[in-house]
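What follows is one chain in structure tokens, specifically the form predicted on its own.
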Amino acid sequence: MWIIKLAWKNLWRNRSRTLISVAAVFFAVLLSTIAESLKQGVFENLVKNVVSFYTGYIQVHKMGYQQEQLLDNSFEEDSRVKDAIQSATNIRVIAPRLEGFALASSEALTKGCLIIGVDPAFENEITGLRARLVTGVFLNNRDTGVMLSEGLAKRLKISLQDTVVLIGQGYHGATAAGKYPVKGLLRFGSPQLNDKLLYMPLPVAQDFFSAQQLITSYVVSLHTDKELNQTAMQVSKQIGDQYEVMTWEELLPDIKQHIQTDSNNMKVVQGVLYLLIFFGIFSTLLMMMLERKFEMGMLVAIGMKKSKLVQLFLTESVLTVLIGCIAGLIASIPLVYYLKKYPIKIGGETAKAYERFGFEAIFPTSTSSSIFLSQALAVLIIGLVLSLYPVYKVIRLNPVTAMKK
């Protein structure tokens, strides 16, 4: 106990030196926490954008649909299956879809499109479809009109209240044909989606494709994506082996690979950051030991055991690192939450490139508690390892040499 009291008094004998040492640890924790929260926040925002485009977090299909995405691989909408999915924990919203391809025509132009029959209210809760409406009205289940993506409408040279003619192949080879008024235009960030999507209410799509009561998928939104794979496994057990349950990672493997590659690159950057932190803390310890060289030599010369001196300096180093870590942790919390609410925004051509592929040109932070604890712990470990340096210097200390000026 006396060691701690003496170490505490020694720390504040030279306030400037102690504050510099504490500041090195403080800014190390602050910097590493912000860097890690930005990294995770960007990836979380990327996943949110990908999911809100189209896929949802999880999709449930008839077994084999992902390999052959045909109307013949659709299945009957069943409240028991929906209830079984909903019974899994972490399920927020379930939306049915019927998807198929057709030719969309205006007076003189024709373009292939992807028709998506949806329940507009549930679809909006998963993909935020209403927010993509640039003109017109958002559909409901009683409507008989359609909503076109803006790029598709431009290619067909049609606008609101014009009629689009659809021709395609329905369920089991039936002829699918019909004409529908354009009730709204949607804008998607991705050029691929913006040039080919056509939304219609699910009952209208089922009638068009002669697929009454049939759907091609249930799209599922979650309360939290941290339990994505566990939730998918739970859903799979609940509904049986005649259905396939696929996460967004399986539906979009390229995006997952992109995140993994970027994450590995960030580990290299983080390694460099920890190296800078290491030398930053070490430089303050080195300065402290040089300043106290005479003091250490005198203490040993008047009879203080080196073992006691080691305990004293080790305690001082641990206290310095602990103070810096706690202060850095406390300071980083409001800063990270502020950057979460008011994320870093980029502009110019870079922002346009992001938006062209449907991603928000922002860098938000993640507020996961594990980030704060892990980064504070990482810096604490670095600090504690470096605390062995004063121990080494005391053990190798020659009192006579140390007291020479």
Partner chain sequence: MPKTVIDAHTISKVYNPDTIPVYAVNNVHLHLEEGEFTALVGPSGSGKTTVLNMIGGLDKPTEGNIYINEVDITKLSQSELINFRLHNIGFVFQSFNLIPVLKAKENAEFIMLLQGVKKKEREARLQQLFKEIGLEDKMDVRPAQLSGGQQQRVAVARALATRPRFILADEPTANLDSVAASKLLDLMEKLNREEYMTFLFSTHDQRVIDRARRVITLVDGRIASDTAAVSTEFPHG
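Residue numbers count along the first chain shown, from 1. The structure displayed is predicted, hence computed values, not measured ones. Throughout, rigid core stands for the largest set of C-alpha atoms superposing within 1.5 Å between the two forms.
From this point on, the text means the form predicted together with the partner chain, which you will not see here.
> Thinking of the partner chain in the predicted complex, which stretch from 232 to 240, 207 to 215, 156 to 164, 298 to 306 has heavy atoms inside 4.5 Å of it?
Of the options given, it is 298 to 306.
> Give a yes/no on whether residue 294 approaches the partner chain to within 4.5 Å in the predicted complex, heavy atoms considered.
Yes, residue 294 is a contact residue.
> So in the predicted complex, does residue 13 come within 4.5 Å of the partner chain, heavy atom to heavy atom?
Contact with the partner chain, yes.
> Does the partner chain get within 4.5 angstroms of any non-hydrogen atom of residue 396 in the predicted complex?
Contact check for residue 396: no, nothing within 4.5 Å of the partner chain in the predicted complex.
> Does residue 4 reach the partner chain in the predicted complex if we count a contact as any heavy atom within 4.5 Å?
The answer is no: residue 4 has no heavy atom within 4.5 Å of the partner chain.
> Taking the partner chain in the predicted complex, which residues along 122 to 156 bring a heavy atom to within 4.5 Å of it?
None of them.
> So with the core overlaid, does the Cα of residue 291 end up 2 Å or more away between this form and the one not shown?
Residue 291 C-alpha, core-superposed: shift of 2 Å or more.
> Comparing between this form and the one not shown on the rigid core: C-alpha of residue 123 shifted by 2 Å or more?
No: residue 123 shifts by under 2 Å between this form and the one not shown.
> Return yes or no for residue 199: a CA shift of at least 2 Å between this form and the one not shown, with the rigid core superposed?
For residue 199, whose C-alpha is compared between this form and the one not shown after core superposition, the shift is less than 2 Å.
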